[in-house]
Ligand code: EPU
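We begin with a single chain expressed as structure tokens, specifically the form predicted on its own.
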Amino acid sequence: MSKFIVKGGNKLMGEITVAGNKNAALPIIAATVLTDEECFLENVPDIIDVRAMLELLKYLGKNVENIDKNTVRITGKVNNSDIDKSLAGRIRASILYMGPLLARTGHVYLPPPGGCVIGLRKVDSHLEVITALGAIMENDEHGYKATLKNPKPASIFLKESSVTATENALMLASSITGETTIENAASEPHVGDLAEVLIKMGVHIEGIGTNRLSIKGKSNLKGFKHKIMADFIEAGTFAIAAAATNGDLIINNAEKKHLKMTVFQLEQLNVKYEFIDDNRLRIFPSELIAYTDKIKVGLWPNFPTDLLSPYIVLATQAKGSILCHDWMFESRMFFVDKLIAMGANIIQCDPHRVVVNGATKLHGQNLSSPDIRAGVALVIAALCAGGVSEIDKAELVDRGYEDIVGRLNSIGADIKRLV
């Protein structure tokens, strides 16, 4: 177990470049199961979750060659459809192999997937979409077993707009001849990035970026070359960190089309910014003031749940009171006690809502990271706090952010890692 040692009080200044999107890379890696031909991935984030996903791919029989830390070549055939329990337990995204393995082998065994404990994360939607496409399910306390003998296209209505269930449905439907429709589909940009890959593999897909997808699948899919899209969650995280430290930061690979709601919510705290062009965002030093009394996460294109934890930290530095509401996850707010220990004035109303009263001066504290997004939020809190903070379980932050210590230090932070 490692920890961050953060000396606060430095403004983030200069330029930083956003890495590849974790939530795009994981399903695209799973999609390589759908073909025996070469797949070449660029801009792959070098983070723990991606490494775990590639380890699972090798366990299934694929050859994985790291050309460099952000470029991967994948070849070979799948020769195993039972996912290793220890590997599955390391990452929530292990469930994304369910659709592709059914498509290629006709059966799959999946132990319960791991991931961050941020609330109840059911797999019902996944099971329903593969059943609709012809799979037969058997569940027990050890995991999920599915068999696909008679695949068939289907008209699917998701009971919830689950990103990963949409992606599993996309991948399985892409290998089934005929037209499948998915309604109430998730429309996040990383779902679209997966769809673009499937199109390169020979699938016809309409409705990308909407809540209705039409997929005309085929039995033999091709290899592909693809550059993973930039991570708009990371772009938002860096923007929040710069604003919280009263910094002046240029963020490269910050795609304007994916940050509309993020910058809107930054405006609500009087953060000054400009888009230099469609892919570069500058955050200016700002007097933080809460011009709204509430922020609520939502489905795309609303404010993403993965940015709420950092936003709560930013709100502690703004004059005024703001209610922060995450209706998606029951445990998202359970890190705020650590901010309170640092001096924040926060009232936890229930598992989904907190009221932040600012501005408050934070002070260094010994902390522990509960999940990826809360972990990076604590790093931001430590950056704008007085004194030194120690943050345990730094490896949780490593699951979602590439070389976070080196990259933040390059723009003025003072962070060390102890192993």
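Because the structure is a prediction, the values reported are computed rather than measured. For every residue, the number given is its place in the sequence shown, counted from 1.
There is another form of this protein, the form predicted together with the ligand, and it is not shown here; the text below is about that form.
### Query
Does the trio Thr245, Lys338 and Ser389 actually contact the ligand in the predicted bound form, every residue with a heavy atom within 4.5 Å?
The answer is no; none of Thr245, Lys338 and Ser389 reaches the ligand.
### Query
Which single stretch, out of 371 to 379, 60 to 68, 32 to 40, 354 to 362, brings residue heavy atoms within 4.5 Å of the ligand in the predicted bound form?
Stretch 371 to 379 is the one.
### Query
Should Asp306 be counted as a contact of the ligand in the predicted bound form, where contact means heavy atoms within 4.5 Å?
Result yes; Asp306 sits at the interface with the ligand in the predicted bound form.
### Query
Any chance Trp327 has a heavy atom within 4.5 Å of the ligand in the predicted bound form?
So Trp327 counts as contacting the ligand.
### Message
Taking any heavy atom pair closer than or equal to 4.5 Å as contact, tell me whether Glu160 reaches the ligand in the predicted bound form.
### Response
Yes, Glu160 sits close enough to the ligand in the predicted bound form that at least one of its heavy atoms falls within 4.5 Å.
### Query
Would Lys296 sit within 4.5 Å of the ligand in the predicted bound form, counting heavy atoms only?
Answer no; every heavy atom of Lys296 is more than 4.5 Å from the ligand in the predicted bound form.
#### Entry: One residue of Leu26, Leu367, Ala385, Leu56 in contact with the ligand, assessed in the predicted bound form (non-hydrogen atom, 4.5 angstroms)
Flagged contact: Leu26.
### the ligand: the contacting residue among Gln317, Thr164, Ser81, Thr180 in the predicted bound form [heavy atom, 4.5 Å]
Only one option qualifies, and that one is Thr164.
### Query
Can you name the residues of 50 to 71 that have a non-hydrogen atom within 4.5 angstroms of the ligand in the predicted bound form?
None of them.
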